[in-house]
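Before any questions on binding or motion, here is one chain by itself as structure tokens, the form predicted on its own.
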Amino acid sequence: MDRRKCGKSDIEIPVLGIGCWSYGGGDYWGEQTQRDVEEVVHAALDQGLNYFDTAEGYNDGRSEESLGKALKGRRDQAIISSKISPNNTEPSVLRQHCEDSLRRLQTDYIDIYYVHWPITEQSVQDAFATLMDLRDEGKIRSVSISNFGVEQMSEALATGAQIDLNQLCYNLLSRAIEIEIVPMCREQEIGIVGYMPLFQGLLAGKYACVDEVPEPRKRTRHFRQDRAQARHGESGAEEETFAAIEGIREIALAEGLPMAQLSIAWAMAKPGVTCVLVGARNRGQLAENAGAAEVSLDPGLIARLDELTQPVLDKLGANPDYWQGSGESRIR
């Protein structure tokens, strides 16, 4: 398994990481048994897939609790990342929430600690100073960010903090970060961790048309503003999205690859990407997704996939917040 360095830190993680949002069960992903979690975590560790990503906000802390239980006796083999919610970044609150995450994870340190979304209500300077103090104290090993745009990265870097990773939505149908964010991350030696590489099943070939997509997964700007849970107020790109999906499906068939593996391998191959996060509800899903790490795409195929999905990028534009319209984007 290829491993890549996290920014300027001494941490190396596999190019494929395990997203743990479903752990502990919740309204969005449904029930997730602890037995399945433990089987996936142990199988992943056995294969060298030892990077696990969670957050205090995932299922009200139950994701951290579930991961902590699953890693009991094998913590030293794992690299754990968790995330602090931006409204919890006032120094004393941040410290308490970090301690709460450590307790739920049953560990005395978190390898990578992200600020989950940009800070808008608290002092950016104080928050990152506290994060660096936590790093110096050994509570965390790396200060990182998630869903930060160019302006917000500049604010964070201006505090003097060493920022190693920026975790962002990135997949064949969600490429806005390529326009400004990727170039800045590469210039600043900030690695990119891509989440939603399968776009919640669309890039795994689960849905042939828009009507088959569950309503909660039709919230992004790819879908029309009149979809039940959409809040972006835009016209969407449904025609372009499903034309691209069909094209990707045909390429995967011609290449003899599962569509999911092709989609994940594309994200792994893009410049600036340190790691791609995938969820796995059971060992079967883990095995299929892990196969993507063995897929090497030639530059011509990557270019074909880029060209095929360019109409989606053109329609949705440079806004990397796929849940909010440009006027209200949380990523600046």
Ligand SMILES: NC(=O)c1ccc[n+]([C@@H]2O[C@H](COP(=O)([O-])OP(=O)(O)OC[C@H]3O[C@@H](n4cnc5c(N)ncnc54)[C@H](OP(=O)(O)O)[C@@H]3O)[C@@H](O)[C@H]2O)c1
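Just so we're clear, the structure is a prediction, and the values are computed from it rather than from any experiment. Numbers follow the displayed sequence, beginning with 1.
Although it is not shown, the form predicted together with the named molecule is what the next lines describe.
- In summary, among the residues Ser174, Gln167, Thr220, Ser101, the only one with a non-hydrogen atom within 4.5 Å of the named molecule in the model of the complex is Gln167.
- Among the residues Leu94, Ala230, Met153, Ala260, the one placing a heavy atom within 4.5 Å of the named molecule in the model of the complex is Ala260.
- At the 4.5 Å threshold, heavy atoms of Asn289 reach the named molecule in the model of the complex.
- Contact check for Arg281: a non-hydrogen atom falls within 4.5 Å of the named molecule in the model of the complex.
- Residue contact check for Gln34: none of its heavy atoms lie within 4.5 Å of the named molecule in the model of the complex.
- Although the partner is absent here, Tyr322 sits far enough away that none of its heavy atoms falls within 4.5 Å of the named molecule in the model of the complex.
- Contact with the named molecule in the model of the complex, judged as any non-hydrogen atom within 4.5 angstroms, is confined among 65 to 73, 265 to 273, 52 to 60, 293 to 301 to 52 to 60.
- Each of Gly201, Lys206 and Gln285 places at least one heavy atom within 4.5 Å of the named molecule in the model of the complex.
- Scanning 109 to 128 for heavy atoms within 4.5 Å of the named molecule in the model of the complex gives His116, Trp117 in sequence order.
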